[in-house]
Every structure is written in structure tokens, then in C-alpha cells.
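The chain below stands alone and is given in C-alpha cells; this is the form predicted alone.
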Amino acid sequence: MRGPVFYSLLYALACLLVLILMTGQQANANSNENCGCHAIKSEGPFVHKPVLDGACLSCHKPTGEKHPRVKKGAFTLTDNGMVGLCNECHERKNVMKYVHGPVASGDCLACHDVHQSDNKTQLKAPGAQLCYKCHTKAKFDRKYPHPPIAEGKCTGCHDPHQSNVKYLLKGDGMNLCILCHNPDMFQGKSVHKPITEGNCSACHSTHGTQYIHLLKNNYTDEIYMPYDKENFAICFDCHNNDLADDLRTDKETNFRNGMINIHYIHINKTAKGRACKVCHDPHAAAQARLISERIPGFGKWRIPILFTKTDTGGTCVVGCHKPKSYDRINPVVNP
């Protein structure tokens, strides 16, 4: 006959069994087995740290419902939304002036897998492939693409979360460009006006273009060619496109000796007209008027130029012809 002692022992054993089962569930919930019954979530090369540590309960919390009998509703996120949950560990990514759409809407999962991924930072796709899930790839297909675009490195220029600069750029104007380009090329005694304004995009397309050097309009890559205004279209977007039309002028250009148009003499030729870059640097130069100290010559030799500017003209001592001076008011007779 079973007495009170027997039933007391049986009750104690039952309580112990319940405690063991509860402890086992807690262990499974915090083990690398991903709560025992669930698919393994820690086999990818890049695994979210709580998953790697088996700390499922750092993001998921039990609601008190019996699990696994109750599948949905037995656990919930530790915060009502993904942004709040992510911000429990990560620095906030939505506090700057411009915020990426998915970040602003709290949809971190648009780009990231919360458990594991084949890509760094648990991204759902590598590089630009992720961007093209929302942004149209054809928009960035160009004959001459910007190297970061060609290499799928959108984050070379853009922050994927937030920025104080429009378009989520990592820098404003030229400050962005000098993250990669040598800032020395934008400094000198004379600096091209778009450069002084930090406006590289006045001439260059930031993603890509059909023209060489990412230019927004046509410009020849040759040094000598017959004169054609189309060869200098990018220059004539701002500069007077009549500056080389006439041999004699008193207004089309300041580069003249009296009324003799020296731009015309250099450029407007049927066979060997000079390109603008033969004399001018498009960014900055150590001499006035963006005149380069050395220009393309023959083979490895670069032709030297020493230019001295005056109030009404100047003098060129150059390796391709005798020293010559010019004056708009009092014409110089050169030898």
C-alpha cells in the first residue's frame, strides 16, 4: 500500500523532471544548436554574434506560451521593431540629416540577414548586387564607368546607412573626390573655377558617362587634330565658343597681340590644331592662366613652358618655338 511518503517522493521527482526539462529548453535556446529543433543558423562564413554565441534569447524572448506546442506567439522580439532591437547592441544609424530608406523605415532585414550570410556584415548579397535589388542597374551602365561603380564598390562614395550630405555621400563636393584622388592635383597658383568651388561634377559625371575621363561632354584625347568645336565641347559649355573663330578680334579672347587672335593661331588649323590641354591644365597649375609647366612632347620628352603674365598680356618661353610676348594694348613685334 502506497502511503504519503511515496506520493511525496513521486511529487518531488515530478518537480525535478520539470526543472530538468525547463533547464534543457533554456540550454537549447542558448546553444549553438539554435534551440534544438530549428535549422542550424550558425554555419555561414559570417554569423551574427548572438547566433554564434548561442544567445538566441538576446533577441527572442519567451511569452509564457508552451513551446513547441505553440509555434507562433511562444517567442517575440525583445523590442517591438527591428530598429529598436538592433539599437540594443548597435549604434543608431538614423540620426543624421539623410537616412537610407530601409534604415529610416526600420527595415534592416532589407539588406541584412539576422542570423548568417556568405557576405560580410551579414549582407544578403555582395557589393553592388545588393544595391541593384532596389536601384536599377541599367542606370549605371556606361561606356566609361567610374571605377568604384565598375568594381561594385558603391560604398566607396556612399554610406549605406546615413550621412549629413545629400545622396548619402561620404563627403561634400571635392572633399569626396580627394578620398581617392590626390589633393595636390587641385592646388596651384591658378585653379580652374569649378575646382575653387569644389564642384568637380561641373565637368565630370560621378557614376559614368559615354565620354572619356568621366566628362559630361565631348573632349578629344588627342593633342593635334583639325579644328572642330565638337572636340572641345566640354570647354565650350562654359567658355566662349567663338574664341578661335577669327584671326582678328578685339573681344572674342584676351589671348591676343593687339587684334591678332593667338588662340586662333594655335587651335584653328586644318591639320595640326592644338588641343586645349597642350597648354592648359584642366584642374590647377603652378603658373597663371592654368598654364602647365610641362606639356606633351615627343616620346618621353615633355616640352617645358615658362609663362609670365602681365596686366595686358604675357610672355611664353617654350620648347616648341622661340620666346614670344603679346600685349592686347600695345602689340609686340616678335622676332
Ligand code: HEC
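Numbers follow the displayed sequence, beginning with 1. Note that the coordinates shown come from a computational prediction; the quantities given were computed from them, not determined experimentally.
FYI, the form predicted in complex with the named molecule isn't displayed, but the following is about it.
Problem - Joint contact, Ser58, Leu85 and His207 to the named molecule in the predicted bound form, by non-hydrogen atom at 4.5 Å - result: All three within 4.5 Å in the predicted bound form.
Problem - in the predicted bound form, Asn254 touching the named molecule (heavy atom, 4.5 Å) - result: So Asn254 counts as contacting the named molecule.
Handout entry: Lys49: touches the named molecule in the predicted bound form, heavy atom cutoff 4.5 angstroms
Key = Yes, Lys49 lies within 4.5 Å of the named molecule in the predicted bound form.
Problem - Close approach of His38 to the named molecule in the predicted bound form, 4.5 Å, heavy atom - result: Because a heavy atom of His38 falls inside 4.5 Å of the named molecule in the predicted bound form, the answer is yes.
Exercise for the section: Would you please decide whether Tyr224 lies within 4.5 angstroms of the named molecule in the predicted bound form, comparing each non-hydrogen atom pair? Expected result: Residue-level check for Tyr224: no, no contact with the named molecule.
Problem - Those residues of 184-212 which, in the predicted bound form, come within 4.5 Å of the named molecule by heavy atom - result: Those in contact are Met185, Phe186, Ser190, His192, Lys193, Pro194, Ile195, Asn199, Cys200, Ala202, Cys203, His204, Thr206, His207.
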